[in-house]
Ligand code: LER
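Next up is one chain by itself, shown in structure tokens, the form predicted alone.
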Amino acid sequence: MKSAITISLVPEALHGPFVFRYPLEQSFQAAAAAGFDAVELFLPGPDSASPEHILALAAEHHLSIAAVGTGAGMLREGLSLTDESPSRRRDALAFIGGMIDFGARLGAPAILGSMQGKPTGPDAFDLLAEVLRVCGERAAAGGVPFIYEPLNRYETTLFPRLGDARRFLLDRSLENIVLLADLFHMNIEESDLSSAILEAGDRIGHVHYADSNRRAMGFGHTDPKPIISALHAVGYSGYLSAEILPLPDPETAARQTIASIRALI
């Protein structure tokens, strides 16, 4: 398993769970100085940064790009893939598609989190299956998977639990879609984090490594040891990415995260 840390350039996400919010050059430098293997990018949109510039920074600082977030589409424009309005769904899919293509140019998958929405209509799950199929195919064309993130019940009406999301992907024969195991959301919804990871199995494609209070691991009450054991058991070799609050400050949060990861792996 490898380490990653979040970088956000989205002003609307000022209070969100992102560690470094400096300009890209400074954020890449900070991530490398803290000892991370990769960064996860949360950008305003697919045209907000040059892929060539990002790849140059990654090479300069010996970092990989773990993933790219898509939530700015919800934060900035209120876009959702399961919106009741067909035109708004088309806008949301266009935004997501742009982020998938952008990520593919970096060799990184895009994440569907908040842009899955909070639908209440009877066709909500059909809409989700439809857009996941489109996103999975578009990501496959770019040589990357597409990541679907189960969120806690306060943030979505769809899938709060990993096992339910896995069964949905299998039942709907959705290919090239992997699951994001976000330990913060799981602390709210799962009765046992390790069992949930074992249930999701090899469909886990990304991990947000956060303590129970969404701070760096070790600043809450989550025991990461059985979680790491479960990830080993399902053959997970991807990133443990710190999508966490930058508390008490970004550098301390980064140091605490990398120390926790190194102690376990």
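Numbers for residues come from their place in the sequence shown, where the first is 1. Since the structure is predicted, the reported quantities are computational estimates derived from the model, not experimental observations.
Keep in mind the form predicted together with ligand LER is missing from the figure; the text below concerns it.
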Checklist entry - Looking at N176, N187, S194, S114, which has any heavy atom no more than 4.5 Å from ligand LER in the predicted complex? => result S114
Checklist entry - Quick one: of A129, A165, L151, V144, which gets a non-hydrogen atom within 4.5 angstroms of ligand LER in the predicted complex? => result L151
Next on the checklist: Tell me which stretch of 96-104, 129-137, 83-91, 151-159 has a heavy atom within 4.5 angstroms of ligand LER in the predicted complex.
Outcome noted: 151-159
Checklist entry - Within a 4.5 Å heavy atom cut-off, is R203 in contact with ligand LER in the predicted complex? => result no
Checklist entry - Using heavy atoms and a 4.5 Å limit, would one call R214 a contact residue for ligand LER in the predicted complex? => result yes
Checklist entry - Heavy atom within 4.5 Å of ligand LER in the predicted complex: which residues of 161-182 qualify? => result D182
